[in-house]
Ligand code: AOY
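Below you will find one chain, with nothing else, as structure tokens; this is the form predicted alone, and questions on how it binds or moves follow later.
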Amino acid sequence: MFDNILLLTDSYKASHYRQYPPKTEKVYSYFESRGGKFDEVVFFGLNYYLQHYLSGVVVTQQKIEEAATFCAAHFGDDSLFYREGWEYILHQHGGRLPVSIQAVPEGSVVPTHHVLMTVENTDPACYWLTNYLETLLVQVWYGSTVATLSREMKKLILKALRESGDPDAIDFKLHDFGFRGVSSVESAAVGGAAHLINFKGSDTLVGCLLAQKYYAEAMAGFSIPASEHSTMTSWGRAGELDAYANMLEQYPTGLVAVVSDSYDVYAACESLWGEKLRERILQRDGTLVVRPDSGYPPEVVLNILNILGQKFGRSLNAQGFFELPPQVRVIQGDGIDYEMTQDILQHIQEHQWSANNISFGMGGGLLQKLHRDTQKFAFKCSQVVVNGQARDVFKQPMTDQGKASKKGRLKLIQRQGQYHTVAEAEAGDDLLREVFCDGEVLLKENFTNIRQRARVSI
């Protein structure tokens, strides 16, 4: 039933075909970010929804009957479901949706308050379809918000690397730990792929799969062997040293991450890693990444860096900040969000430690600790055509001017490097491209191009 487009909407939209003015022929709506936490957004995810839900024959007699039966029970009224409208689409359009969708290229970084996508029906008899699809299409907010947050994290970490370390190391400085913290597999896939626009480290396999299937990226993200508390505590507290030694034995080269706070993270860093296993670590062809997982992160990270610096040595880099030997690094994956990352980086730099020493793992803070209003995404009707006459429409609530909407047909242009949302008739090349028309996806995005559009200069 979740693949029935007739039911992938808000309940009340099933009744809207009766609510437009008589002789309505066209409904034109647009999608934008009306502001929010960050001043610009990365547009991402539309191609997935188009390919997965809207392309091809999506209306069949079986789906019509299924929806009719469901809605009759849901509303307690068998007259609200618009059978005639859906059967019209089935018979006149072969079950393909008669709508046109225009959008900015995915990966585009656009300031808030600008049009990102427009939707309109292509058959006058299907005027009601434009906003029927709002519910599904607005879900583009999620991938766009994750991509935006991830990119802002990249800018934050890059600033610290420019000041204290090597900006070229940025690609693997933020790792996606978010699969278990989201509400669904689909959220993990969309959000996981959105993060990979900006970074290349991820433990969210389905994000890589979505990028592969829908965005032609053979492998968007990479990971390393890593422990969890179950694999460490199964050795018992008395066997903690053996658990750590086993990790070095099982993975003799390359990167390996080991959670080290099952009991006493400071003792583990000082006595076990820093003394008993010290020589094995320094002689190893690779890097041990120590992972704390509890406590107040700025304080814990700094204490661990100080202990590891005492035990393994430290050197001053060209910017005058301390670095551990390349065989030892730290990853903080507990409690990470934008503000906490900022606090950790500031705290360690104040104590002369380079950002080169640390990477971050971000779970719920990356994929779940956000919502549609984080960037205030909205989908609004701005023009209708009634009996051959175009009407520019808008909302302007007295109680909240921030919810005022745009009117008329819109396009997005650039003038002297600045974005402007203007009336469609105004001069300037429209950055919106038709990506979908009458059931066909016209442009399939490439992940490499998306990454290029969203890039942050090192």
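Just count from 1 along the sequence shown to find any residue number. Predicted model, so just to flag it, every value in this text is computed and none were measured.
Omitted here: the form predicted in complex with this ligand. The next part is about that form.
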Would you point out which of 266 to 274, 373 to 381, 174 to 182, 101 to 109 contains residues with a non-hydrogen atom within 4.5 Å of this ligand in the model of the complex? 174 to 182
As a check of understanding, the residue in 331, 336, 117, 211 with any heavy atom within 4.5 Å of this ligand in the model of the complex should be identified as 331
With this ligand left out of view, which of 257, 358, 153, 89 would have a heavy atom within 4.5 Å of it in the model of the complex? 257
Answer yes if any heavy atom of residue 291 is within 4.5 Å of a heavy atom of this ligand in the model of the complex; otherwise answer no. yes
Determine whether any heavy atom of residue 223 comes within 4.5 Å of a heavy atom of this ligand in the model of the complex, and answer yes or no. yes
How about residue 203 - does it come within 4.5 Å of this ligand in the model of the complex, if we only consider non-hydrogen atoms? yes
